[in-house]
Each structure stands twice: as structure tokens, then as C-alpha cells.
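Alright, here's a single protein chain in two forms, structure 1 and structure 2, each given by itself as C-alpha cells.
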Structure 1
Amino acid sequence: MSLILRNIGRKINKNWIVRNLSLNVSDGECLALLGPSGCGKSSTLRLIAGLDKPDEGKILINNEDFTNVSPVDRRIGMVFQSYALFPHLTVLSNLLLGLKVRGVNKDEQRRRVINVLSILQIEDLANRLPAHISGGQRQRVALARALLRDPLVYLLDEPMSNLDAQLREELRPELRRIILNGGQPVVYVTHDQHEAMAMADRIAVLKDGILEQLATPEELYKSPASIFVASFIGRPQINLLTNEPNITTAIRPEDIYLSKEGIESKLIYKEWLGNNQLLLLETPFGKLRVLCEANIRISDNIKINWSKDKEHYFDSNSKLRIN
């Protein structure tokens, strides 16, 4: 029982925006689709929802072929980036509309709406219009609507991107708890790696419509499969060294340390980050980013070092990981 994408692809005007993508999301698992804008993550979500038709490949839900099922009948619980609440209906009517047209009987409608309102603690908003509630409240209503859909799969498209940073961090654990509660597969689209790591069990990193790596957050960080993933995951960005022919060596700023013995370097720029500081150094290997503790005083000429086993190696031509 799960969501399976088998070699799906979609093209617009002869350009593939999603290509040969295979994913497998099991029940109760949250999979994040992560990548820069235009990487095909939202397009993939729309294919799963049935809002667009794939040009190739198959979509299976619980081993049933859903590729050609209309979104009207697909039983998808989706939270849109804009929340897409119907602006002319009250919160209550927004929630009831779907149940009504799907022919759920009156008592059942009442029972389920009351239940969902209390799960999300939005009972007080029932008679308000979407325009008259806050962004965080709108997100809850959108989530409530998705829960009431009684879905086979949950899809969340950047559900937090319209909220401010503090609220986002507060909401993550609760959102994760609520959507995984029903035990359905969850696909979560985001461009924010922190959010992806916090929310997802596994992350699929996409670039130009192609899957770069599918792994747990820890694996992505520890053994990125390509230069792209290495640079995309982890902040500050990983350092890339190209002093050997055909091999790109990568070392994370947090794996470099200051030492008495080591590589001579010159401080160009320094950025204070609170609990630590980011240094930009001129070295024989080129410019390197280094993360060190905030309370260390940095002189203009310092020596740095790192241990060999923290290095990542990539083929400079194929951009893929070696070993």
C-alpha cells in the first residue's frame, strides 16, 4: 500500500519539465521534493494530483493505476501554496462544500467537520471569511479541508512559504504529526532545505526535471550523490576544490578547523552568525568558506586544516560522486 511513480515524464512545448522520474512513497512516510525553482517539483506534484497528465509513465496508488483518473475522483488531499480557500464562503462552508457534493449524509458531515475543527483548534473561525483570518489560520483551514477529503495521498505544495519564519518553525512538528496521523503517503514540496529535513523521512532532490538523489536527510548531507546535491544541501555552501585533474574535491565549511599547523590563509571577509562565524579565506586552493566558533578572535593571517576523511570526491566531468 503506497504511492508509486513509475518513469513519469511531462513535457511542455517539447521541453521535458519532469523526466523519467520514479519514486516510491510508503504509507505513513513523508517524502519531500526539494530543489530550486523550475526544477519540476511542483510539476511532479500536479502530476500526482492529476491536475496535469503525464506524457509518459504510470502513477499507482495502492497498486491501482491512477494515471488516467480525473482529479475529481482521485481522492487527493492537497494543501496549496496559496491555500486556495474559496473566498466567498465561510470557513465552515469551505469545509462542508466537498462533503456535500460527494454525497456524505448530513449527520456525518456535521460530525466530521466538528472533529476536524477541534483537531486543528479552529472552532472559533467557523463563521469567518478567509479574508478575515490570518495566514496561519488559513493554512489550518486548508489542512482541515485536505483531512476531510479522506484522501489516499496527501500533497503539500510549499504550505509554509506564506508564513513568517518564526511561525514556520513552530508549526512544523504539529503539521507533521497531523498529516502522518492517518498513515497515508505524504508528498511535501519545498525549496527550503531546513524545512525538508525537518518534515521529511526521505528527500528527493530534483534538478531540471531529473532526480539527482533520493535519500534520508542524513545521507544527503553525509554522502551527496552529485556536486549539485553537495552544493544545494548544507549552509554555508560546501567548498569545491579543483586542484587535481578530473576530480573535484568538496569540503564543508564546518569540517575545516583552525590549527597551528596547516594551510596558510588570509582573511578576506567575516560574517557573524550568532553562535558561530563564517570566514572567507584566501588560500593556495582558492577562496574557502570556513565556519568557526563565534568567540574566537581571528587575525588576518591564520592557518587552517581538515581531516582527509571529511572530503567528498566527484568526477569533474560527470559531476557524480566517486567511491
Structure 2
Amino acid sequence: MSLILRNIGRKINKNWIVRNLSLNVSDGECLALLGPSGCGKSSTLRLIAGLDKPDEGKILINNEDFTNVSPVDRRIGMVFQSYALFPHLTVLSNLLLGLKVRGVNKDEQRRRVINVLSILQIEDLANRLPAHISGGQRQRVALARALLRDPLVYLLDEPMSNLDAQLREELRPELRRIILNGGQPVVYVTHDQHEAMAMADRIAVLKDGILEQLATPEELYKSPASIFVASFIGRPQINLLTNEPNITTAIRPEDIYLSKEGIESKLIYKEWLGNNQLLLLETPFGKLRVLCEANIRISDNIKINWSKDKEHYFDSNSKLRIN
């Protein structure tokens, strides 16, 4: 199975919210759509689901043109930010409902629901109402509903943004194991770079409806294609230095080190990050963020340095990578 977006575009009035977007998601691959609010992530998801129609381009699933196919006939398994469960129905009834609507016979309904409850290890929740289970359990139920759809493609729209950080960390490997086990293409929308890098095989970084870069998490981090991607990927945020005409040099905070022979800097602020500490320094190049070991003693005046091979270079006009 595969999902192909071929030069798709969508506009509201005269403004393009997605423009000339081409993506190919293969069997068992998770592709994350990543970017800030308003970049076109959810709009792209709506186009794939058939909730909106593109103004240009085509959507192919298994090499068949689905551009004008109605949402109900697309066999899309969707998991939303909100769990979208009926509050007056038990977990079991919520899961049976979709199968009933699709005309699946009662014995088959029961068999499939029991099977998916077992896969997600939530059999003990079957007779509970959504209000009586936790956020993480509700998200598992929402995922179970998507699995029951027997989809051609999975679409996940910020599925863990309502959960606390610890629960998100616990659910990531489980979610990836369950979703990718079926071999369908998966499109995962998030504004959280950590989540995208943990969940996705490849990441499409969007800005203002345009694809900035499509690459693996490692490639995005090590070879960002633009200043936008370099600044968006990586925390603490990359440092930008405009010390050459028409060239912006970027250096990541973890690639700067303290040195006896180096650039004189003044400490403005420091922040403890567990095993590391983040320093904000005043330097001849402006304010720089430096990440160093937590056990290093910091004075008000320190010296820093970095290796030239850790620098990234961008054209200051086009904002695109040079090297």
C-alpha cells in the first residue's frame, strides 16, 4: 500500500494554505507533518481524508486516484487530538457502533472488537464510560476505533497533545508498534519536534503551506535545508551569527564548548536541565546559547569556542543552505 500526494494545493478565497505539495508515504512508513500553527499540517490531513477537496493536484492510494472519492469510501483510520468518543456509550458500545453502521454482522462485530481490545490491552475497560477512564486510556480506545476501520491509510492528528509529558513518552513506542504493525502508510501531524523525531521514519517540515524539507530526523538535524528548519529543529534553539556579508552562520548550543583560549563572553543567564545546564552568553557575535555539563562551575566571565566543521552556512537573502 502507498499514499501519494502529487502537487496538491488548497486555497481559501485567494490565499493558498497548501501549495504544490508532493509526498510519497510507503507501506509501513510513518511520515510526520511538522511545523508551527498555520503551516498547513491539518489542512493537508483534511485533504487526504477527503474532508476538503484540493484546488490542484491528485491524491493516490495504492496507485488509484482518490482525489474526488467521498470520505466514507476512502477507508481512512483517523485518530484525533480530541478522542471523539460518545460520552453516553461504554467503551464497548463506542467500538461496536462503527461496525454496526458499516453493516458488519453481530458475531463478526464481537470478534473484531474483542480482538482489538486485546491488542491494546484494554479488555478491562469494555464496560466503562469514557468519563471513568484516564486520558491515556481514552486515546487507546480512539486508536482501537481506527484499527477496527481496517484502513488503507492511518491519519493521526496531534493524537497525544492532550496527554501529559510522561504519558506521551510511555505511549509513543506502543502507538508506533500497533500502528506500523499493519503495514499501512501513516501520516502523523504534530507541532512537537520531539514527538515527530521519536515517531516518524521521515519528517516533512512545512512553512506557510510550502514544503521546506523532507528528510529523516537525523538528516533534518545534521543538514537543515534552510534557516527556518535549522531554527525549528533542535532544542535549545540553534544560534545564528551574521558575521559575514550575505552569509548566516549557525552553530548548535551543544557544539559550543568552554575553553581557556577562546571568545570572551559574559554570562547573562543560566538554566539547569538535569544533566546539562543552558547558558545564555553575551559575545562579540551577539547573544549565544551554550549547552554544557551540569557539574561545570560557571563564572560571570568565561571563554568559548567551537569547531569549524560544526558550523552550518546559509544564504542570508534566500535563507537556504549553502554547504
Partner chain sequence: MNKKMNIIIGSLIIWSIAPLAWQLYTSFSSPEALVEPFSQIKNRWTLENYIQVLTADPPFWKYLLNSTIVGLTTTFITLLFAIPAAYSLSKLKPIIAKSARLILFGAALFPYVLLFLALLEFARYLNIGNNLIALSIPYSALSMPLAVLLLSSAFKDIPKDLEEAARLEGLGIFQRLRWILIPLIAPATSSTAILIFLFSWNEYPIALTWISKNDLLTLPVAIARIAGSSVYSIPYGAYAAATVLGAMPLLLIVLLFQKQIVSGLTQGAIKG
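Here, residue number means position along structure 1's sequence, counting from 1. Definition used throughout: the rigid core is the maximal C-alpha set that superposes within 1.5 Å between two forms. All values reported here derive from a predicted model rather than from experimental measurement.
J.: If I had to pick the form predicted together with the partner chain out of these two, would it be 1 or 2?
T.: It is structure 1; that copy is the form predicted together with the partner chain.
J.: S231: with the rigid core matched between structure 1 and structure 2, does its Cα shift 2 Å or more?
T.: No; S231 is a residue whose C-alpha shifts by less than 2 Å between structure 1 and structure 2 when the cores are overlaid.
J.: Aligning on the rigid core, do we see the C-alpha of A198 shift 2 angstroms or more between structure 1 and structure 2?
T.: The answer is no; the displacement is under 2 Å.
J.: After a rigid core superposition, would you say the CA of I210 moves by 2 angstroms or more between structure 1 and structure 2, or not?
T.: Comparing the forms between structure 1 and structure 2, which are aligned on their rigid core, I210 does not shift its C-alpha by 2 Å or more.
J.: Relative to the superposed core, what is the Cα shift for T90 between structure 1 and structure 2, in Å?
T.: Value for T90 between structure 1 and structure 2: 2.5 Å of C-alpha shift.
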